[in-house]
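In the block that follows, a single chain appears as structure tokens, in the form predicted alone.
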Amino acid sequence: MVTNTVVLDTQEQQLEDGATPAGGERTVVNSWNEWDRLRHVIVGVATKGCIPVSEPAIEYHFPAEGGIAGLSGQWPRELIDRANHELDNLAAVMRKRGIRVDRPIPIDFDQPVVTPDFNHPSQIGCMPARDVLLTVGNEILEATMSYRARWFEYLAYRPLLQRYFDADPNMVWSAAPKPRLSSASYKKGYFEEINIADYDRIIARANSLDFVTTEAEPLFDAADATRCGKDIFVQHGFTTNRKGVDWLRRHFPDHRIHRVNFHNDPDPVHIDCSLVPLREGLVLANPNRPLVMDSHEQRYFERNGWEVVLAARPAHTRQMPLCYYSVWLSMNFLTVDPKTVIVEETEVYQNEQLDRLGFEVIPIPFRNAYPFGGSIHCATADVYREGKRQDYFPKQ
């Protein structure tokens, strides 16, 4: 069933300090999977967001018609306002469903990142909360991040995390070891060795697990992990290295941490555009990026009675001019309970498929927010979902 919603006319007021939220709700941190009923969430903001600049971790290739190739600094004000309008509407839609929503406090991202090991001219922003924060049970973990531009991104969320920590005596607040991101963390000349037009060779290199990062130190983005109770699937790719997966395995010893790869994935795309658990027993898979696991785990989902459904094709064959992300953001929606999803309204094929699978589909406009960090799932980070940790894959 498709449900219509309304776009706000004005931006919602952001929390500017650690004040108790309206209604005085008690803060509890608890989230074990991607589908239990959502009660408390962080939604990012586009304010002060900056145009990404190429660095050793990534080479940006903006379409010429976008008009921003070679530029840096803050995004034009008009684009920030459009993105915030859609982010505010996402927050309003969830609040109307009784979900508590918090917002990060942007820092000045239009300033250089300077460390003893590197100097990068600017940062990115705090729209994609999912990239930085990984919630596992009562713990919120700050990821290492693998881009130099994202070194200080966690600071936008610190006021919220401090408030949760003060309010919830059981919350565990962790931060992974801050990486140095020196030249040793990246393969020298990685993006110079190959012509961007030679797509077949780019694909072959990615399929051989030849990525830009080295194994000099643990690196991972939080959005490379998808949670299914006792099992956490972590994508090894352009933003997470093997050592990062190993660090997560040691950090969460009571979980089964699975390192996964996806064939034909030559871009720094997180797992939530390739493998999306919808509810217990049902997972959506990217038909263009087959899942690769260790040989004894290759049929892990099927062996445990899960149905694997191939995602519908994206509605857009090309991404919008200002956006460098994959068209498979079509899969990047948010499940708010086992029967309800919030989706980007123009992704009609994906939305029709979710409707056929029995979900209440809530479409909202979100494409203006894409250039600031992705789609709806990217823009959110769980604080509280109902439910406890369960073992959804007992057949090992």
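Residue numbers here begin at 1 and follow the sequence given. Please read all numbers here as calculations on a predicted model, not as lab measurements.
The same protein also exists as the form predicted in complex with a small molecule; that form is not shown, yet it is the one meant from here on.
Undergrad: For the three residues D131, C273 and Y325, which mark the spot I'm curious about, does each lie within 4.5 Å of the small molecule in the predicted complex through at least one heavy atom?
TA: Answer is yes for this spot.
Undergrad: Using a 4.5 Å cut on heavy atoms, which of A156, A311, V269, L87 is close to the small molecule in the predicted complex?
TA: Flagged contact: V269.
Undergrad: Just give me the single entry in S31, T335, N332, N351 that has a non-hydrogen atom within 4.5 angstroms of the small molecule in the predicted complex.
TA: Selected residue: N332.
Undergrad: Can you tell me if C126 lies within 4.5 angstroms of the small molecule in the predicted complex, counting non-hydrogen atoms only?
TA: Looking in the predicted complex, residue contacts with the small molecule do not include C126, since no heavy atom lies within 4.5 Å.
Undergrad: If we define contact as a non-hydrogen atom of the residue within 4.5 angstroms of the partner, is R289 a contact of the small molecule in the predicted complex?
TA: Heavy-atom contact with the small molecule at 4.5 Å: present for R289.
Undergrad: L219 versus the small molecule, in the predicted complex: is there a non-hydrogen atom within 4.5 Å?
TA: Contact with the small molecule, no.
Undergrad: Is there a non-hydrogen atom of C378 within 4.5 angstroms of a non-hydrogen atom of the small molecule in the predicted complex?
TA: Within the cut-off, so yes.
Undergrad: In the predicted complex, which of 109-117, 261-269, 205-213, 179-187 comes within 4.5 Å of the small molecule (heavy atoms)?
TA: Only one stretch qualifies here: 261-269.
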